[in-house]
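Here we start with a single chain on its own, the form predicted alone, put down as structure tokens.
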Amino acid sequence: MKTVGKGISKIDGMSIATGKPVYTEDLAMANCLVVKLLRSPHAFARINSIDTTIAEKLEGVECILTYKDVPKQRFSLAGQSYPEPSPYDRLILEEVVRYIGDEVAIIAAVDEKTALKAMSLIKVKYELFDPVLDFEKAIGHASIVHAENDVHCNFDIGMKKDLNIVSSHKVEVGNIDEEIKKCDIVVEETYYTQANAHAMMETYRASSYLDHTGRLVIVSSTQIPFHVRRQLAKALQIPASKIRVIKPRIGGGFGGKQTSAVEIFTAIVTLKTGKPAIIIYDRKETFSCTTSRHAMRLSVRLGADSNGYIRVVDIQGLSDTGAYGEHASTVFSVVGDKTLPLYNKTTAVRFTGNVVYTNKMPAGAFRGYGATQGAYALESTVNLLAEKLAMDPTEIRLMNLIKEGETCLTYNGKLLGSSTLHKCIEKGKELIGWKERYPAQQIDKNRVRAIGMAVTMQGSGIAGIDTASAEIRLNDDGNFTLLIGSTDMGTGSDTILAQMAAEILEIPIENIIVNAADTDISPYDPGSYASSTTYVTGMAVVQAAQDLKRQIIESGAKFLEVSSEEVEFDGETISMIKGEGSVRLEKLAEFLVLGTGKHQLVGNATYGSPVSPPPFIAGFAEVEVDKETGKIDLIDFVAVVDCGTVINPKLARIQVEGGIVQGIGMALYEDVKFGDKGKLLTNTFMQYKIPCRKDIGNVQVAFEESFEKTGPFGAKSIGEVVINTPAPAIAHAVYNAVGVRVTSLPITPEKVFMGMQNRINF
């Protein structure tokens, strides 16, 4: 292949690196109204009165809106295909506020200073309720977070809102109770995974204006422009045809911008005033008033025979969705979807549990989307099982993991299409020095180095649901324009999609202009999430390029007055196979558009996959633990990846490195913490620590390519799977170092130190 498989630099890399004005704020209209939000200081309360009289008189204030001024149509902000599985439990503003930071009033003024001054002049009186702050006490709590009668679900997700349950989920194959009795050994442990902040570089922001026809135009740093359009239409009660959403470059999302945190506020201001408006969340609002990863409690029970074959996997979970239910049921279900298939020598598997409302900042989509939490719990328990069986943890996995061409209890007979996970483990052992270093080495009196490992799987798009379209047009000058609705948020997806089109058309990637994403221009795409862009949108691009190539050959043959079978196209020229007749692509393009051809060529395709082939990773961590303090230094992390065919090795590598670093943050540092009144305590980077370069140690990345026949050029996804192994691998390494099994993330020196003390004193 000429283009696919090559480490081509990002097509927008230089513009981003040199600070070109390519982001949402750069593109806002001059003299925008500045939008600010008055937020609730209480975790759970009803607004008894709200007085905006004085604030509205302030010079420069254009608009103040309260719950009395907005439509009463409930909706969800979750970026999901319709009908969304997330409940419609929000209003734009509501009489009841459900977490500290919930919106109370929208203020628009000529500048930020005036808006903030007006905000300070609004008088609100609240009736306080007892908040639900402990998610383990939410079910049956005296307070009901959503007592209103008009909360709506598009289909049954197991909601029991009187019990604060937003969703219940159960998957069970086989008889757990009977099969567990047959096992020679059973291990069980309960794990807690914390909420995390996305910590993207560009905070949430959007601007809006009315165009010359009176249509509402939104410019937003979003992963989901088409979903934003649908949400705004529903919430604002206007036709979707009156809304256009434009996505410029995005400074990171990590799933956070799969929830529409800001667009609705600037949109309603523009509709009310007729003026352009902009809203920019500062870092504290981004931490406190958007979404985080779902915190979970996961209890895992594994049963095995004496030879080490895992026969039973039983996981029971509880998830905290906070005040609103965006992504609640789907994130939770993915915990089981991406853990139960891994070990397929089982005779019974089960994943069951509930997602509950609390009076805290909502949870939402986050890279890994439940698989991260599940991998930590399951893989930690597999390591525990290996120890009880006195087996090497890599060997127990090599015996039990699903292989290419095999099935599992939850696949209903479907076969796994591609996997090199066993090779990934062998490669990882070699790179980390497993034979020489496992399990631990004493460095000196106080310091111990040790190794741990874990494996994981994810998906590639949402099978049978998400569908992407692509168009590619032959321009009058012989170049091409690729129109896509996916959203490159720094991943380089625009580049790899152009590589795919270039490979099919046999042209240099420089001949392709990528246009994305604008709901007026781009073909439909659900957006970039669920590890779908390379796999789902990629297949749409491949098929659109094939369609265009066919048309080029047909048109060239017609120009040469021969049949299509008598010509060939090499990316530059359509030539007769036998004979000397030929026409250059530029000439043909000109003829088709400007001459008598009268038919500009456009390739189209829409693609949705009935399967979601999993990428795999084997992750290995080496840590050094100080036995006097519990301090953990990550020395080395090895990730060996099966993402199918690697479309762009350079961009794939940075995806892996970035995900590994984010996973290390979850494992060792990052923790969203709330005070006893429900106030977020970690609302700046002073309190919320993410790892810097000095915290990471060495990161080694290697690929063991498989070939996924349903994917573009054999590719699968890579964006999310990369975050899943650091937490269980590091936890395993820490245990091998000092014998302390930390079951609640993050793994802090304090927990390790106290664990050592308890073990000594036991």
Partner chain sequence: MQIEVIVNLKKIKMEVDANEFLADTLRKYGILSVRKGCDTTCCGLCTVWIDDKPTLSCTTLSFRANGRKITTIEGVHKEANEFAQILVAEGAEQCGFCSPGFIMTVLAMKNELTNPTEETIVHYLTGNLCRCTGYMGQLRAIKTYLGVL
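Positions refer to the first chain, counted from 1. Please read all numbers here as calculations on a predicted model, not as lab measurements.
Just so it is clear, the following notes concern the form predicted in complex with the partner chain, a form of the same protein that is not shown.
Among H146, K117, R297, R653, the residue placing a heavy atom within 4.5 Å of the partner chain in the predicted complex is R653.
Site annotation in the predicted complex: the residue of K137, H599, K182, R283 reaching within 4.5 Å of the partner chain with a heavy atom is R283.
The closest heavy atom approach of S744 to the partner chain in the predicted complex falls outside 4.5 Å. Of the heavy atoms in K751, none are within 4.5 Å of the partner chain in the predicted complex. In the predicted complex, the partner chain lies farther than 4.5 Å from every heavy atom of V132.
Though the partner is left out of this view, G714 does not reach within 4.5 Å of the partner chain in the predicted complex, counting heavy atoms only. With the partner omitted here, the stretch from 331 to 339, 374 to 382, 150 to 158, 249 to 257 that lies within 4.5 Å of the partner chain by heavy atoms in the predicted complex is 249 to 257.
Scanning 1 to 29 for heavy atoms within 4.5 Å of the partner chain in the predicted complex gives S9, K10, G13, M14, I16, A17, T18, G19, K20, P21, Y23, E25, D26 in sequence order.
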